[in-house]
Every structure is written in C-alpha cells, then in structure tokens.
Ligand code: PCA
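As a starting point, one isolated chain is supplied in structure tokens, in the form predicted alone.
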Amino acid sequence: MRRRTALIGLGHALGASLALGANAPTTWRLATGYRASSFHTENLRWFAEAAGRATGGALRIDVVPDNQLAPLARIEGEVRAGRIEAGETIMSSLVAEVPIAGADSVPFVVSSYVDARRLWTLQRPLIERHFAERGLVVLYAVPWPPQGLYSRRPISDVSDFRGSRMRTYNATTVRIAQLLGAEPVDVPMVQVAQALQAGRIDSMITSAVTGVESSVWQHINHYHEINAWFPKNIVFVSRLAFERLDASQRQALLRTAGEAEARGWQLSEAAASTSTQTLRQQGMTVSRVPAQVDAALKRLGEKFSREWVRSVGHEANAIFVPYYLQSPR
C-alpha cells in the first residue's frame, strides 16, 4: 500500500515538473559589442522587454552588452554556429562575406535620415535573402547618427584639404583623403584625442556622438554637418531558434522588431541632435559646408557608388539604380 502511495506521489510530482517545463519561457541570449549606455543597447533592452510581453511571456531575451559573449566582429559567426541565439553587429563588418551589407557605408550618397530610410528599404530584401542563406533571420536595423567632418579650420573650398592630414581608419576613409588631396593618417578611435593634441591630424570624419564621447572640442574647433554616411547596426536571430517558436510567437516577435526599428531610428535622430548641440555648447562652430563643397562631395559619392557597383556586381544595381531614380531632382 505504501509502495502504491509512493508511486502515485511520484507520478504527481513528475506531472507537476512536466507542467512547469511546458510553461517555462524560451530564453535567448542577444549579444552586442556595444556598451550598456549606448542608445542601440537601450533599444535592444526595450525590444527584449516588449517581445516578452508580446509573446505572453513565452520568450525571454537576455541582452548581453560590452562584447561579453563574443567580440563584435565575431557575433554574427557565433549566432550562425548556434552558440548564441541572437546578436547585433554593425553591417559594414559583414562585407567580406555579404558585400551588399556595405551599401549604407558608401560615402556621400545619402544626406538625411529620409535618404537613409529609402536606401534601407531597397537594401533590406537582399540582406534578408543573404541572411536566410546563412541560417539567420533579420529582425531590424538602426543607423548610427550621420558621419560629420571635424576640422581645425573652416572648410570653404575643396582645395582646403590639400596638404592637410586626415584621420583614416579603413579603406574608404583612406580613399576619401586621397581624392580630397589630404594625407591619410591611420588613427584608431581610442587614440584620436592624443593624435589631435599632438597635431598629427587636421581633420576627420566621424559622428557628433563620437565627438562628444571623445571631448574633441579640447583640440579642434569646427564641425561640418556633411552627413557623409549613416552606418547601420543590424539585429538578427538564428533561424533554428526562431523556428522553435510557434507561429503566433514568431509573428509577435517580428511585429515587435518593426516597432523597435521605428523607435531606434527616432533615438538615432535624437542622439544626433543632442550631440550636435553639445558640440555647440562646448564652443565648437557647427555649420554646413558651402554649396560648392557639398556639390563636390556629392560628385565623390557618385564616383564611390559606381566603384562599389562594379566591385559588388548586379545586386548593387538593385539598390542604387532605383535609389538614384527616386532621388528628388
């Protein structure tokens, strides 16, 4: 009798355990290389919480910032390998294997958030297809604030760059310096303040946000809002992890991702505005470049886009042909 009672008790305990397991949420880790205070990371946390609510608590997303799960450049590979469920990285880091990811970093093509959204609308279907081939599902993408031009002296003509030293950090910025007649000087972002103080560089292209983080006003006086390009971060999940959710949960997740994308673009614009205002408050002169300089930079953009189309191939035409055809005249 005691044995029968014990077996019944064990059965009830096992049933309760199985019920708890059935109701336990699916947990994903979402890796990002950016610091916890970044507006991108803040938006990831919002997305994680909203996704939990939208799925009725069936999905829990733990956002892990600061390269804690993997270095930024390796996050996509870790998600693809299934070692991490989801991640965020900057799209330009993927160009070696997904060349079309570099469209948003072709300089002097877009000049506003409206342009950047239009470019992303054309780029996204291609990105989604390439990610699907790699076993990934695109959730959303959000741009960094636009890249501006910092200089020791005001730029009134393209000839002002000749003989100056421009900070560079990749092949594109080296090419920009060369086409403008400046000497390229390779300087990592962490060494920018030191390079400015030592007089090693006279100008650089980076965002107002980065300028504020580096307190550049201590060494440089002018910031020109040239909106050179709008690099984007992309958020994605392993297809295997995605398909473990039921259909209603997947729909809820994608709907929330769309909301996070819209919210992230608003945060980016706000960060651009706030950072630019901080530069002004710190005594920097913030201005647009003269019309003739702006026109020269746009001509460079056309040159860069033609070169990029030749290097990437027919897929690039699917972005830039309609982009230029749809551009306001």
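Nothing here was measured: the structure is a model prediction, and the numbers come from that model. The first residue of the shown sequence is 1; numbering continues from there. Under this definition, the rigid core comprises the largest set of C-alpha atoms superposing within 1.5 Å between the forms.
Only in words, not in the display: the form predicted together with pyroglutamic acid (PCA), which the text now covers.
- With a 4.5 Å cutoff on heavy atoms, P231 counts as touching pyroglutamic acid (PCA) in the predicted bound form.
- At the 4.5 Å threshold, heavy atoms of T206 reach pyroglutamic acid (PCA) in the predicted bound form.
- Contact annotation: W120 falls outside 4.5 Å of pyroglutamic acid (PCA) in the predicted bound form, judged by heavy atom distances.
- W144 belongs to the set of residues with a heavy atom inside 4.5 Å of pyroglutamic acid (PCA) in the predicted bound form.
- Though pyroglutamic acid (PCA) is absent from this view, in the predicted bound form it lies within 4.5 Å of a heavy atom of just one residue from V185, A182, I90, A116, which is I90.
- The partner is absent here; in the predicted bound form, the one residue of V174, L240, A132, M189 having a heavy atom within 4.5 Å of pyroglutamic acid (PCA) is M189.
- Of the candidate stretches 93-101, 161-169, 75-83, 132-140, only 161-169 has residues with heavy atoms within 4.5 Å of pyroglutamic acid (PCA) in the predicted bound form.
- For V212, a C-alpha deviation of 2 angstroms or more is recorded between the shown form and the other one after rigid-core alignment.
- When two forms of a protein are overlaid on their rigid core, residues whose CA moves 2 Å or more are considered shifted, and Y150 is one of them between the shown form and the other one.
- S93: CA moves less than 2 Å between the shown form and the other one after rigid-core fitting.
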